[in-house]
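Quick setup: one chain, the form predicted on its own, written in structure tokens, and binding and motion questions come after.
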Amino acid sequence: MKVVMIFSPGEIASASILLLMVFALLAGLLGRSQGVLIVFFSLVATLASALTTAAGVMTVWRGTSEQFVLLIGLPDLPFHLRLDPLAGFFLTVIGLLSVFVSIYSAGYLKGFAGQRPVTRLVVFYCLFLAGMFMVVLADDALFFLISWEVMAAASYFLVMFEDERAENRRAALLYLVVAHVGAIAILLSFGVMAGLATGFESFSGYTFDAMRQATFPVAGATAAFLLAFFGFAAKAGMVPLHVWLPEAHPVAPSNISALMSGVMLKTAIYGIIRITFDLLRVFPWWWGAIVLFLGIVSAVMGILYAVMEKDLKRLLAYSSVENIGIILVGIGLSMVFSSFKLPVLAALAMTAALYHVLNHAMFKGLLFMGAGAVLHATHERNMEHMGGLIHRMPWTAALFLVGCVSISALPPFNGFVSEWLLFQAFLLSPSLPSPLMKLFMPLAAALLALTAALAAATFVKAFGVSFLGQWRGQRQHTVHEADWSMRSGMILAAAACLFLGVFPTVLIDWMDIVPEQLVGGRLSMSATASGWLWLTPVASERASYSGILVFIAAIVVYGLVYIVLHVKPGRIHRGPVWDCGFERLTSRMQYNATSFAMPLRRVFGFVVNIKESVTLVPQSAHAAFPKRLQYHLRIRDHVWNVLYTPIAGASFWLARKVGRLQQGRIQSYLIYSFLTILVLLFLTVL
């Protein structure tokens, strides 16, 4: 039976954007009743996100493209929109997590009741989603940059939602500065490509279609690529452009942190892929080597920063730097393979990168929602003041554990599949004809393996210190489980993590049109050659994986252990925890976040700026012990001290010098204007 669609995917996606913008305009009318506003907001945002997800899924499934022209731009510069499989894939990623987070937000925003109105957050949340959707749909430089600015401005106000805190204002300003520096680089990249497409004689080259039809010289294409990569890397949080990310994500409301880390960073990944593989199309191998190298650096440095953190949300933010690095590694590998005319291997690396884009959105969104539930219940981000939360928040603990297992790349959850595919691409790198790349690839693979091991250690710490052991903080009686709307959003994200890990062949078969259009190779023919049960990236005799069998085996082992231990009463004996001879075990005797990471600080401490000190503090608690030891630890990012502090200092110095021009006298300002006119007249004559 043939199914007839009343509306096309492009029309559905456009309707969802319009719905979000209309509700953002009307949200003020419901501002007097915050409870009603939260309910309607959650329903509208969930519906719009679900519609966008459906449009993206249908577009990728069909493998078709739609183009629209909106006559609402500048004169003779209308807005162009395009929904093709690449855009459809990223719409699916953004929309799917937005559905989960919008459901979660219904309960999360109730935590602000009586403290502050949420109308502003609702308005900018809707504009934020609309901006991300428009970035993916944009098909010309003008509309892309306008959408990019809508997304950046909305996220700026969301980061600064609790603006009475100085750290929020500082983080929002830092984010805005880095975002606009990146936007300038993107603008210059589009300017280079548009000018080369039409010979700098008209504005018609601003459309992406004109850029696709152009043949760029190597020098011009390289300039455009480097500018675009710098601009998008600043938004993605790649090292050394990552400094805004661990500042902005922790201070934002947790539902916003989930979206910023889970999907906003992916708009930058989309931009890199769109410009490199769709607009420029042909590139030398060393472009890919640059992306691969910086991806590895970001992955290793990001996880090293994360493992030393004691702030739960900062830990998750630094982990996003690591995962963006992993995605860039896949993109860089795909570029290298594609430049050497190896389409199947390029498709394998691209599939691994895109699969990790989807995976990271799901498990990082889940983890930030879990951290938000913990913050909502304990009012703490510092893991040193947590512990034992599994007893008070069993649902949150179980769902957070799913996110930890997923991000640690452990089967049968989704993080394992994408990283396993990436390692398969590395194992096939001896096919490359370049001796230099053959030498670099084993080192990169080893560093990626190190990253995976450190990620597991990081999230053992995050879960163990936060949810296990005894409570370390104050006000334990106020700790409570998240409500059902928050739990529902986390349950859906956890289910997505499990589904993506158990049925990878289904997803690869669905998304295979994207790498085919980008690099000219398909993976589904080999990946599903042994049926839906086995994932075989290249050939079954080389490597294969079955997520469903691993899942069934885990269930069987768990069931057998449970039966053996519970079939007879009294088989399990509970006793007090061994306390090494002490009278009573206390929370001071258990590992905290700082002590857990101490061995890794000793090994990898050279990559960060560590300052440790111990001081004697007088106390009157006991005459025999008049003083106590107090340990201080400060960890700073070397990149901030080496790169950004000098730039900030130079900027303030220049501002003070320029400020001298502000005399406050009208005569001085008239002289400045007169001199400016003379200079302009002189330049005109020349």
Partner chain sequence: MMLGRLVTELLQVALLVGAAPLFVGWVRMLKCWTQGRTSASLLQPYRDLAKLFSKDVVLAENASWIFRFTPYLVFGTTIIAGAVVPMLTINLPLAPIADVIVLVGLFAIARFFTALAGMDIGTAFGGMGSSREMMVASLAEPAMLMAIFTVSLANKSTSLSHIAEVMYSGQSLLKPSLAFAFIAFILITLAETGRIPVDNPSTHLELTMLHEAMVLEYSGRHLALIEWAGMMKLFLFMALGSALFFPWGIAISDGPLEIAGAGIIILAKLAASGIVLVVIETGLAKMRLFRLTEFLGSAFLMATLGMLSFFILE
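Numbering follows the first chain given and starts at 1. Rigid core (definition): largest C-alpha set, two forms, superposition within 1.5 Å. Bear in mind the structure is a predicted one, so any value in this text is a computation, not a measurement.
There is also a form predicted in complex with the partner chain; it is not shown, and the following applies to it.
- Checking 597 to 605, 130 to 138, 343 to 351, 516 to 524 against the partner chain in the predicted bound form, the stretch whose residues place heavy atoms within 4.5 Å of it is 597 to 605.
- By the criterion of a heavy atom within 4.5 Å, N255 is excluded from the residues contacting the partner chain in the predicted bound form.
- Although the partner is absent here, Y558 is a contact residue: one of its heavy atoms lies within 4.5 angstroms of the partner chain in the predicted bound form.
- Among residues of the shown chain, W532 is not one whose heavy atoms approach the partner chain to within 4.5 Å in the predicted bound form.
- Under a 4.5 angstroms non-hydrogen atom cutoff, the partner chain in the predicted bound form lacks F216 among its neighbouring residues.
- The listed set Y175, Y206, F463, F225 contains one residue whose heavy atoms approach the partner chain in the predicted bound form to within 4.5 Å, identified as F463.
- Here is the short version: of R475, R169, H391, R116, the single residue with a heavy atom within 4.5 Å of the partner chain in the predicted bound form is H391.
- In sequence order, W420, F423, Q424, L427, S429, P430 are the residues of 419 to 436 having a heavy atom within 4.5 Å of the partner chain in the predicted bound form; the partner itself is omitted from this view.
- Annotation: Cα of K611 displaced by less than 2 Å between this form and the one not shown, core superposition.
- Relative to the superposed rigid core, H573 undergoes a CA displacement of at least 2 Å between this form and the one not shown.
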